[in-house]
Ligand SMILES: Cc1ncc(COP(=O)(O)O)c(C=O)c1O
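Below, in structure tokens: the form predicted on its own, a single chain.
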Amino acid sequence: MKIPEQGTPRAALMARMDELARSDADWRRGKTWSLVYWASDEALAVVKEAYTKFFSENGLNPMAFPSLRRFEQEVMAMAVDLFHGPPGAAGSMTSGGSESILMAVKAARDWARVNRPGVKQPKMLVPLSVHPAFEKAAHYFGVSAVHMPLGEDLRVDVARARDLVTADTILVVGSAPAYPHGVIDPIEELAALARQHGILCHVDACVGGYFLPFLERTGRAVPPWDFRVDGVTSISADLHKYGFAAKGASTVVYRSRELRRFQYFTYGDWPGGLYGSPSMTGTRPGGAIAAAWAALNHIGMDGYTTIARDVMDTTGRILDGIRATPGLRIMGNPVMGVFAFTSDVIDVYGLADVMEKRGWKLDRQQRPPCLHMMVTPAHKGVVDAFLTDLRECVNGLEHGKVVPEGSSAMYGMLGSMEDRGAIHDIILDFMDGMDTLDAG
């Protein structure tokens, strides 16, 4: 494959792109239960227009584009207010939840170098269910991740976690909610543990940060998780999830500007000039910053609250339908439209395979095997169709109609492997093969 000698006409390019997109997950009709967050066609149009208006601008130099600087300042001010940040709270926009998490861990590491100079091998306590971005941060920044066990409710067992704190522990992490099961860790207890030892506490609210505040506005009870909890020192929250901004846009917020300074990177000896970067990336797409600002201002507090109410109504109908389906059960006590279900009767991976043949995309999870769902306004009109197909597929599997290939066979094999380290090589091989150009 080479760059064509002559440029391809626009119409032909668009036709080819449409052709390739036909095999993509059908999120527009609510058939996909992850990856895409949709609020409405109007909100999507506004976000697209805002993105393209600043498509070429670069947030690397805020002095060159003061508009982007203003957008980001206002986005962060809204985030601080939404998360009940105290005076002096501050943060940055990033390219996504992973970068926000990386920055929080990097800030904790550098904070410890100044405030805990005796620490030689920094460690952070993270839930077993925490997002893998923390493992990535551990790998990149030399901060060991120590897993806190979960209780029967799938939340961190704080009593057992206390014994894991050592003189090298610099950070305690909790999720609000944890992506796999949609449950909120006991943030108050985790923050108290961190405060007791004079260390930092990060809340990963990448999924819930721009949903839980509006859920609370509907009158539903939400466990404490934000800066109202004494001891919480930073929060990550994704704008491109339930904030419905364009990808990639996230926020990381710190209790103080002093703490945020540990996130930054500076270099003063480059012949190209003085260099300062607030986050991992150099070039920062202006469109993502502008689109996030536009989403927050266009949808507004009332709009987000209405969305939260509609999503929870839809979620309630789905949860009731799953619970009413013999052989299926919901895992834990999810607090929002993110949850998982499993079965002690049928192979849930086989269920995902047969549901996929009907067009439904369900994420497979492991340890234990379960299926994951994320609800948005796009799913409001498909609940009955989904539950009908789910019941029919469960009934078929109960009567021996098993799909022997696909994820059922793959996940079944991986789940039974005693050598968990070997899975590392299997994932590497899979990733390496994904960039092989096929005949299509």
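Counting begins at 1, following the sequence as shown. Only a predicted model underlies this, so the values are computations on that prediction, with no experimental measurement involved.
Absent from the display: the form predicted in complex with the named molecule. The rest refers to it.
The candidate stretches are 140-148, 80-88, 269-277, 233-241, and the one lying within 4.5 Å of the named molecule in the predicted complex by heavy atoms is 233-241. Contact check at 4.5 Å (heavy atoms) against the named molecule in the predicted complex: all three of Gly97, Tyr179 and Val207 pass. Taking a 4.5 Å heavy atom cutoff to the named molecule in the predicted complex, the contact residue among Val348, Ile101, Ala291, Val183 is Ile101.
Among the residues Arg260, His131, Lys123, Arg284, the one placing a heavy atom within 4.5 Å of the named molecule in the predicted complex is His131.
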